[in-house]
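In the structure tokens that follow, a single protein chain appears in two forms: structure 1, then structure 2.
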Structure 1
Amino acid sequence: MDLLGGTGGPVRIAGRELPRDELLGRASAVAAEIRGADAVAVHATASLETVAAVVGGLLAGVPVVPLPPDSGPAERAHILGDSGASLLLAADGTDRADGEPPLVPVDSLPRNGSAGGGDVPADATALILYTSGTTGAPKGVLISRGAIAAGLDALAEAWAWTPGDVLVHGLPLFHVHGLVLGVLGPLRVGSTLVHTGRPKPELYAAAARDDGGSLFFGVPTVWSRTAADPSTAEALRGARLLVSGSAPLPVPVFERLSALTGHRPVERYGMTETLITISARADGDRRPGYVGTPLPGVETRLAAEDGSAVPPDGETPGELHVRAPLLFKGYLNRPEATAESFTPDGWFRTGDIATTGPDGWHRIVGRASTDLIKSGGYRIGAGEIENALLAHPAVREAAVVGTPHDDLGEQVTAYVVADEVGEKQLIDFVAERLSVHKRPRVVHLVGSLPRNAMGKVVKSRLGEL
């Protein structure tokens, strides 16, 4: 199946630009180099090399595993080992640790590859995205070409996204938001992409002024920083659509952004496992605190803790279940985890608590587990951070939770029982082993952790310490 359109506007990333045909030429060279591999890893910096590498994987029909470029050795080794990636795609000269797969220098390959990838079936895995669960190391989410195509077409319809749009964002290229929506989206739709390198409000404002930016993607932290800077926000008045997702957009940020930019932002909801399932529409209402209605092809329902149906009365919360052609194929190497994430009658359990109104509008009101933290739009598993802290020789016990944070939504907060070690040392210790964004922002050194009669840490009582 053809996942990407053959024509369209240029791709610019952090100031470097390639016309569409040149980008496809580079991607074809990558495809020729990797054809036949079981999976390839991409050192996913915000760069044209990352885009050429990912598109090369798609052309060759080889699953692509984006590696967060700041991930420390433990996380990187886990992703490379678990995914079985046999090649590492990166710009020439990128550092590679001993034992890592051989490097394919995507920017210095001979340009004689043919773009034809043959007819890759829709159920073939396009991407393996690593994402955190409540416990243990991140799991590889298998995303098919068909899911990406269906997910992007549903968004194009809902947002009236056309080749005439200039998409602007600066999100990381190793998650669904920045990579699937933010890179494969414009490549499929045919619109121009201006990636600002980092998701900074002043860079979004410059792209609105200088590049005709029409469609803007951000996580709530980006919109909250934009709303706090009136001249920057006002530069977005000429845009067509501002879209927020990956975490809840606070109502005051919605209101302030609307007042400053003249645009009521479109909020949408999704997960790595499901892609985007619910959204407000370009031609419809946008309500602060609500994520919209299900996209075409998506069915939703709410379930009480005992599994019984929750009425769509706009008030009663229940766990959100979804069913759609854009769901993932499963977690790599983890059949039990895959099975557990579906109900016996085949609905995906999101773990998010929602309400639904009779008009189909959904509101996300919380999460079933306190062990998944959303900080700056990044999903972070408490268990992974606890294990990283426990690897420090001075740490005896550790418990990690998300605590409210004005800028990030939630921040990673750790309670640690340890001998002779400082908070900063522990923060740096995690930052060196895992992706830097997973580091605790706050560490409380405490004498003991609150436990119940079974010896399990009672996280709801950590705040009392």
Structure 2
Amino acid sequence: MDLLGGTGGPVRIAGRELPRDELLGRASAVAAEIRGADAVAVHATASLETVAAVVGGLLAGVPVVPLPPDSGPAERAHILGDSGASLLLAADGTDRADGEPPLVPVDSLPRNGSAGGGDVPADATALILYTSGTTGAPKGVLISRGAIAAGLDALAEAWAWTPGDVLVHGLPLFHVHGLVLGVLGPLRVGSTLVHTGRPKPELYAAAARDDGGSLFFGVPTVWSRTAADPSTAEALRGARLLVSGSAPLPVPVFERLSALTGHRPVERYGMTETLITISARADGDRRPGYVGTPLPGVETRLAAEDGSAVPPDGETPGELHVRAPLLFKGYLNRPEATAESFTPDGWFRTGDIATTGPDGWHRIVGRASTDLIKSGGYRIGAGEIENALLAHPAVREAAVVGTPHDDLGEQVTAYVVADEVGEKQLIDFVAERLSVHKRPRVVHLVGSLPRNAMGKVVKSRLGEL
């Protein structure tokens, strides 16, 4: 199946631009070089070479393994070895460690290749994306061409995404957000892509002013920094849609961004294994703290720990299960892990805790492993408490976890970055807004929170603070 549109606007990354036909010519040259390989790795910098390499893999029907350019030696060796990648695609001169696959210098190949190669089945693997799981080595997630096409088409409908849009973002090109949505999305839809190199608010503002940016993708950190700079936020008033993902957008950031830009941001939910399954709509309501309703073709349900159904009352949390044509094919070389991730009746267990209302709106409470706190017989979602803390004017960042407690089992413990406010004041502030049992028992005031490349707080490292 063909994943890409035949025509469309140019692709610009960090100031370098290629018209669509030239990009496809370069990608076709890559395809000719790698055709027949079992899998190829791409040194996934924010560059035109990365885009040409990934598209070349799609044209050739060869699974592409995006390799984070900042990955350490052990992680890099694991991904290359586990994936079976036989070639490494990168710009000429890229460093290559001993024992790594041969380098294919993307920018030194001919620039006028011919795609050829015939049709590729929809169930063929397009990408092998490695998750950053909380335990063990990263797992390779097999994403089919059909899943990508179904996911992007559903988002194009939900966000009214058309060839007339100019998509702006600066996200890494080795995750679903930056690569699948942020590169393959505009290539399939036909819209122009302006990648700012890095996700900096001032670069987003410049793209809005100079390039007519209409659709903006960002993670909460980007939107938080945008909301902290009124002049930068003001530049986004001419946009059509601001989309936030990869982590929950704090309610205070949602509200401030809305006030400064005139746009209520669209939030959405997904995982590497599911792509994007739930979203607010361009022509619908957008509620702070909620990720919307299922996309076309997506079914969801909530399950209690004993497997029983959770009522859609907007209050009772349960593990979110998903069934959709967007789901991954499985974990590479890990049949047991694949089987464990599905229920006996075929639903994918996301590991995320959510609530749903009678109207189908979903709110993500957090990860079952770190964000569902069992304290004194109550099941408490960390996200609700984090939003309550962030509503305090002195609080800049907040992360909440459960820590062992002799009497309660777990106690609500908060790590907070704040100015001139004390522990008791913050505990009382939350108790005034939420049920008393949800208040933090302990608040640690810290200088910063540990985050990964996508801006998510790494809660397993909070104890080190």
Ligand code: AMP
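Take the two forms, find the largest set of C-alpha atoms that superpose within 1.5 Å, and that set is the rigid core. For numbering, take structure 1's sequence and count from 1. Computed from a predicted structure; not experimentally measured.
Looking at the condition given, the form predicted in complex with the named molecule, one finds it describes the source of structure 1 alone. The rigid-part assignment between the two structures places residue 238 and residue 399 apart. Rigid-body analysis on C-alpha atoms gives a rotation of 137° for the smaller part relative to the larger between the two structures. Superposing the two forms on their core, we find that the Cα atom of residue 406 is displaced by 29.3 Å between the two structures.
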